[in-house]
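Listed next as structure tokens is one chain, alone, in the form predicted alone.
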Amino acid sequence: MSTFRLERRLEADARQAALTRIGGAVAAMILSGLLLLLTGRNAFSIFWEALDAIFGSQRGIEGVALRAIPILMTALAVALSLRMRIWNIGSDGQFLFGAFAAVGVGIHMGGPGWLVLIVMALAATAAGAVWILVPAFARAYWDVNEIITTLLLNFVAVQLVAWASLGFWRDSEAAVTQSTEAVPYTLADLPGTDRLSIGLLVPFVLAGILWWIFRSTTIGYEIDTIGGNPRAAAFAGIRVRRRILLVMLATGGIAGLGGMLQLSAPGAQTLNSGFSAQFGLSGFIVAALAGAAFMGVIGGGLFIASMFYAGLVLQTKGLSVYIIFGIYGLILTGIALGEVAARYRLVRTQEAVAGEAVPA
């Protein structure tokens, strides 16, 4: 009797994986459109309004880019850890603690603006690395599950930021109850734009550097080897614990720097407990769906940011937030199924029936 089962491909073709993810997203959008039609809504009009919100004006494109910066930074951090099969769920906490360090420098340090911004960036990067230091040591030397330790620190970071914005750094003159003082410095504008800063270049440059490291250097090869089989890597002479420690600190630093970039964006110079807006979760989704490929992270991050921005615009036009989140979920599920289709294939097998030999 014939049956079917999923069999993992030995090597997943990158181009095929990209096509299946796109196919999954398109199929999900078609399904979303059908559901909208069944509920009496004009799906074509909604999708057209979403596309017009994103590409119809410079404001829309810049709005997507602004939202993409923190998502791309947390996604790159998670993607780096996933290359070693390390599940850093705490990028939200590292992002927040990076912003916490940056706002501390920004409201207390005097001097030229460019110098303050450099110190803010360094402080945020170091703070992100410090925030993951304990989980990194625990994972590298005692094999403690990093999912739990990094996730729990997210809640600690939120409480720390809430304490600062309600207490010792609270802006007593602001109408907002929970807010720190505003950092009086922003990054330089990106030429030809109205609201974008040069911070937009950081995730693109970082993705290029990481891509080159994993493509052309021994360090990248060693990290991929550890991700494939840590025991084999150790047998080959790779210092597995040291590499795990360094990679986890680097992921924290990248997420922390993302916090500083968000803090230095126009109109976002204050810090509160809602500052991260779940950017870490969005970054984790992007990194997972991109298969930890750094260039895939760029495309996926821009796509997710586009969805979020279009959703905000559609809310202002009366579309329910529940419908918008439902469409998000369908599209992300379609992309995830496309990822599975790229990594597995359906094979036909023969099951033996009692008293019947299975042909060789």
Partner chain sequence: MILALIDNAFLSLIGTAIPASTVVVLAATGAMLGERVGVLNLGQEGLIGIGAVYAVIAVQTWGVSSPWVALLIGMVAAAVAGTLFAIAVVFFRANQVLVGLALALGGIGLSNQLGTNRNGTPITTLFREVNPGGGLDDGGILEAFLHHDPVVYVAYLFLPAVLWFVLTRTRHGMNMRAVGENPAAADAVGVSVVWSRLGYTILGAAISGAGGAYMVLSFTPTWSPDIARGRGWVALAVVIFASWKPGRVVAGALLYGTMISLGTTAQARGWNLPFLGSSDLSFFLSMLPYLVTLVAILIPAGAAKIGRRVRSNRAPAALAVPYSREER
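Numbering follows the first chain given and starts at 1. This structure is a prediction, so every number in the text was calculated from the model and none was measured.
Another form, the form predicted in complex with its partner chain, is not on view; read the next lines as being about it.
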Location of its partner chain contact in the predicted bound form, chosen stretch of 205-213, 242-250, 218-226, 153-161 [non-hydrogen atom, 4.5 Å]: 153-161
Listed residue that, although its partner chain is not shown, lies within 4.5 Å of it in the predicted bound form (heavy atoms), from A232, A188, I147, L201: I147
In the predicted bound form, the residue from V134, I118, M109, A236 that sits within 4.5 Å of its partner chain by heavy atoms: V134
Heavy atom of Y328 within 4.5 Å of its partner chain in the predicted bound form: yes
Residue contact check: V340 to its partner chain in the predicted bound form, 4.5 Å heavy atom: yes
Any non-hydrogen atom of Y141 within 4.5 angstroms of its partner chain in the predicted bound form: yes
Distance check, L166 to its partner chain in the predicted bound form, heavy atom within 4.5 Å: yes
Any residue of 261-288 that, in the predicted bound form, places a heavy atom within 4.5 Å of its partner chain: L281, F284, A288
Cα distance between R343 and L80, which in the predicted bound form differs by 3 Å or more from this form, closer or farther: farther
In the predicted bound form, shift in Cα separation for F325 relative to V156, 3 Å or more: closer
